[in-house]
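In the block that follows, a single chain appears as structure tokens, in the form predicted alone.
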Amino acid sequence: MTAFFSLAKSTIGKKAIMAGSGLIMVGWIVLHMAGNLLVFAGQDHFNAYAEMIQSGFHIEPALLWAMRITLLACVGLHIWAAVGLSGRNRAARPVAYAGGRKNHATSYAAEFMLGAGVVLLLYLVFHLLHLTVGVFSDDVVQHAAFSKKDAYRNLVVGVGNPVVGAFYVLANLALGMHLHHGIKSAFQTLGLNDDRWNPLKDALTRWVPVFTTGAALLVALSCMFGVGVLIEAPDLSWTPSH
């Protein structure tokens, strides 16, 4: 156990934790975005999907909490490792370059990743409060009462707010760029940067950001402009049809 904590405190340990937690979150993001595309299948299908998740995939409600705790732990570890590595990078170069020389490209990428990470953390907090908890229900953000029984209505009405929708668009563009650099870095950190793994790394680096960002933008813009989405049953007592 002591050896594990010693490794976790090291630079390579923090990088490994950052890579591993990041890849777990990438998997969840891909599945989450794929599920969100069901909004185009209509209110019944999207709400049935949401109800399946809430029920623990129709297996065990505790599975939902296990998933939430795992993801929360990954977010916490990812942030902890990122802050630790950023601090070490600054400590290793406490004095700016003479003559104002700029950092290398890798330093720019690291600084961008940290900034994008802050934006994404704020987006995650807002997203959970907005569409999971319903903190902004029946106000200038949501414009309608929040209902745990109608995830479709919450999404379409909530993201349909132009200001909220624009924030979702910008945040998901940042997410796409964060994923592009992060996936590549994770492969390098885990020692998977050779001819055997490069095709997979290149494919994931290219297509995961394209899919996740594309899906998020499609949903957000559709809700904002009312294209491809329709609130078929505004009654908040909605129950899944069978």
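Note that this is a predicted model, so its numbers are computed, not measured. The first residue of the sequence shown is number 1, and the count goes up from there.
Keep in mind that the form predicted in complex with a small molecule is missing from the display, and what follows is about it.
- With the partner omitted here, the residue from Leu204, Ala216, Val39, Leu179 that has a non-hydrogen atom within 4.5 angstroms of the small molecule in the predicted complex is Leu179.
- Checking Val26, Met52, Ala174, Leu64 against the small molecule in the predicted complex, a heavy atom within 4.5 Å turns up for just one residue: Val26.
- Heavy atoms within 4.5 Å of the small molecule in the predicted complex are found in exactly one of 165 to 173, 128 to 136, 150 to 158, 115 to 123, that being 115 to 123.
- Contact between Asn193 and the small molecule in the predicted complex is not found at the 4.5 Å heavy atom cutoff.
- Using a 4.5 angstroms threshold between heavy atoms, Ile79 counts as touching the small molecule in the predicted complex.
- For the chain shown alone, Gln43 is not a contact residue for the small molecule in the predicted complex, no non-hydrogen atom being within 4.5 angstroms.
- When contacts are judged by a 4.5 Å heavy atom cut-off, Asn47 does not count as touching the small molecule in the predicted complex.
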